[in-house]
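The chain that follows stands alone, in the form predicted alone, written as structure tokens.
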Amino acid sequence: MIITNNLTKQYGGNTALDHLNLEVKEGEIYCLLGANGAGKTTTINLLLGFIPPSSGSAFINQLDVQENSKATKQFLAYIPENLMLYPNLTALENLDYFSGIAGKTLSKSDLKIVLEEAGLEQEAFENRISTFSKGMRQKVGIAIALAKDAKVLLLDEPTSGLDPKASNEFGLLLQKLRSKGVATLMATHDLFRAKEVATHIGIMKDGQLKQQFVADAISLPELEKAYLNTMEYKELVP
């Protein structure tokens, strides 16, 4: 569902992404770890078609993003660190609006079912988004992905600033989407959450994908050690 072939992005003399090759299949959750400036957000922006690559290519559901930017977006849902919703609209109204943009027409009862499936409490359905916590807004984002029937989910630091309970709930929602065959690519700093939810994990530095792991084949201490070594924080590794 997600493929990059030697995907590269340069800004003048600075290489933000350097010949990235990765693949995320249906029902897989691929977590990209790395410090700020490692190339994680650049990767997501290229997959979204927000910026053009300097070289290489990106594919969503076998469609070249550059050649089919509008078409690929129908398969995508995107949840950034700070999800942009209409603060003066309710959760139901936001879901109705964004699902409508995606060409989905849902009744009010269906909208409620989707919000409930995304983990939002019923008493919040009619409340304005301006009253929501970040965790509640992220659930509305998941609801939009569900309503849109997205095949690919792109996440940029979605658990940043969430308390442990909200972060755990978000991880459970990702597993629910995985069971529906959704391919997820998540950029994150959270090693623990990556180990908890991912099927595959990559570590990026200086725009390059340095290491890749099958999540079940590596323990959290081993992942932490690999990450610190990749970042060259060897003095911190016991």
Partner chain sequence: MLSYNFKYELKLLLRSRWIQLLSIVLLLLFGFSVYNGMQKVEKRQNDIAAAQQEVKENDAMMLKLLDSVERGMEVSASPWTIPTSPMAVGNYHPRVAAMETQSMSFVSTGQADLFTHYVKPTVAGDDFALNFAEMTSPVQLLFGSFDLAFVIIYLLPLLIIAFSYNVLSSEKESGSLRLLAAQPIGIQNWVLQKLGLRFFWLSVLVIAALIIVFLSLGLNPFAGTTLFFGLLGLILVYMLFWFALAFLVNLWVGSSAKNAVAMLGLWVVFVLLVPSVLNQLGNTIYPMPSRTLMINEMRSLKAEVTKKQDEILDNFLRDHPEYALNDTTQSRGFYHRYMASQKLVKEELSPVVNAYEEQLQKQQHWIGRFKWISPAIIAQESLNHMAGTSTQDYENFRKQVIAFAGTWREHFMPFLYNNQNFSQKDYPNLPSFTYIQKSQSRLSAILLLLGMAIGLFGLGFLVSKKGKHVSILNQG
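Worth saying up front: this structure is predicted, and the values here are computed from it rather than measured. Positions refer to the first chain, counted from 1.
Below, we refer to the form predicted in complex with its partner chain, which is not included among the displayed structures.
Handout entry: Leu172: touches its partner chain in the model of the complex, heavy atom cutoff 4.5 angstroms
Key = Output for Leu172 is no: heavy atoms all beyond 4.5 Å of its partner chain.
Exercise for the section: Would you please decide whether Gly49 lies within 4.5 angstroms of its partner chain in the model of the complex, comparing each non-hydrogen atom pair? Expected result: Gly49 belongs to the contact set for its partner chain.
Exercise for the section: Classify Ser54 as contacting or not contacting its partner chain in the model of the complex by the rule of any non-hydrogen atom within 4.5 angstroms, answering yes or no. Expected result: The answer is no: Ser54 has no heavy atom within 4.5 Å of its partner chain.
Practice task
Examine Lys112 and determine whether its closest non-hydrogen atom to its partner chain in the model of the complex is within 4.5 angstroms.
Solution key: Outside the cut-off, so no.
Handout entry: its partner chain in the model of the complex: contacted by all of Asn61, Lys151 and Leu209, heavy atom 4.5 Å
Key = Contact check failed for every one of Asn61, Lys151 and Leu209.
Practice task
Please name which of the stretches 195-203, 41-49, 27-35, 176-184 has residues with heavy atoms lying within 4.5 Å of its partner chain in the model of the complex.
Solution key: Single hit among the candidates: 41-49.
Exercise for the section: Could you tell me which one of Leu76, Leu146, Leu155, Leu120 places a heavy atom within 4.5 Å of its partner chain in the model of the complex? Expected result: Here the answer is residue option Leu76.
Practice task
Name the single residue among Asn88, Asn168, Thr131, Ser160 that comes within 4.5 Å of its partner chain in the model of the complex, judging by heavy atoms.
Solution key: Comparing distances to its partner chain in the model of the complex, the residue within 4.5 Å is Asn88.
Exercise for the section: Between 184-200 and its partner chain in the model of the complex, list the residues on our side with a heavy atom within 4.5 Å. Expected result: None of them.
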